[in-house]
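The chain that follows stands alone, in the form predicted on its own, written as structure tokens.
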């Protein structure tokens, strides 16, 4: 595994090769990964794998022409060949008159986000965690499937204008799906930097209990319902809103809900959505893929459309500050928020449920897609734990429902936000609470 020091040296070496190949400016991105995964199905482990890889991506600039090439050969000959290819691609590329050049040098300190216990989370420990997740399902006569993974990554970036940054990270992710009798299923997951935060037995128990309670679901008519969304479901909405609506490229091209609406109300005042890689609990990089420092950006501020994220290209093009949200080159998407968080409220999840006379509790969404980015209209279905709420209590299980719903319109009906938040997903993920929404539209059943 390449460490941060070696990563920085490789990036610097690649920049020198690119300049020697004729580039006027050059940038190198080194990505090294050590991925370990233990998977289980049918209440037994069926796969245990570990892989290491390192890739160097080089961006060569000649005038306003840009070429990119990548290799996983990190010896001098491999790096040189990659840099020659990047420079040749630049010579053949069309000019981009709006390209401002690579961003100015940046070599600020970026603390590693590495946990020693996570690094030591070996195959034996992962097997024990998998066994703990399986146990509750096996005891209940249900079938468990899922996985537990450990990732160690190093990212280093250098450019010919003086950028020289590197950062190492560790992450842990665990998922368990329990399938019981009469169509009952349950889901639970964990994402984080520290393996100490993973309670595998508790995850298994949550999934098995949800599978038991969701057996024999009833049919529910399509319509608009009050809903309580668990963090897994909220994360889908938060990330789609951020990804499709909060990039300056989408705003400038008229594809965003922010287009022409900056400073205007777009959701309930109870909703504040941020991108914040700098928070203590964050797992993502604290610099972007150009090596520029990330800043905390308030995307929706108490219901009001705030600021989109930028990178060096779009900052120069629009006259905005660079917020440090560049993706790896070549990049047609523009800058993106990757460390999304919904600010917490002051409610208990149980209190949100208790306030509902009749509604639906949603554990998670599945197969979510976007129909209209300007309204963030999402379509998908519920899965692995959908229940009726009656007189303030979660009661009967409900057959999974399809939905088509403009996300911002749903968030505009927010009645409550929990104080508890959970990190959901991979890499940066989304840090999100439970939400109580007054109106959410379901269009039919899944079967």
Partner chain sequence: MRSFTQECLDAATAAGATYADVRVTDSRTQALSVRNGVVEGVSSGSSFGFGVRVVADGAWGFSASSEVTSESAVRVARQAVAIARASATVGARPIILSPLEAHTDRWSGPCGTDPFTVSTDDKLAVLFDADAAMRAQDGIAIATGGMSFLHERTTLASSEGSFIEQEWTESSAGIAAYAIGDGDVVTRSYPNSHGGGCFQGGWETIVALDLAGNAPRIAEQAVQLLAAPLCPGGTTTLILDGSQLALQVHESVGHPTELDRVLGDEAAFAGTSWVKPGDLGTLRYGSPIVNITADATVPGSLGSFGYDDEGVPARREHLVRDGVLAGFLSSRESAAAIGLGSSGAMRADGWARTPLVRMTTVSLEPGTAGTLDELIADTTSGVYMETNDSWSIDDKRLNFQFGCEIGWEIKGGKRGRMLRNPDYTGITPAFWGSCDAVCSPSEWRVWGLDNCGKGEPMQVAHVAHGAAPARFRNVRIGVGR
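Positions refer to the first chain, counted from 1. Predicted model, so just to flag it, every value in this text is computed and none were measured.
Keep in mind the form predicted together with the partner chain is missing from the figure; the text below concerns it.
By the criterion of a heavy atom within 4.5 Å, residue 131 is counted among the residues contacting the partner chain in the predicted complex. Interface membership of residue 77, defined by any non-hydrogen atom within 4.5 Å of the partner chain in the predicted complex, is ruled out. In the predicted complex, at least one heavy atom of residue 145 sits within 4.5 Å of a heavy atom of the partner chain. Residue 416 falls outside the set of residues with a heavy atom inside 4.5 Å of the partner chain in the predicted complex. With the partner removed from view, the residue among 61, 381, 408, 388 that has a non-hydrogen atom within 4.5 Å of the partner chain in the predicted complex turns out to be 381. A heavy atom within 4.5 Å of the partner chain in the predicted complex is found for exactly one of 141, 216, 263, 254: 254. Partner contacts here mean any heavy atom within 4.5 Å of the partner chain in the predicted complex, and among 22-30, 408-416, 388-396, 37-45 they occur only in 37-45. Using a 4.5 Å cut-off on any heavy atom, the one residue of 178-193 that reaches the partner chain in the predicted complex is 187.
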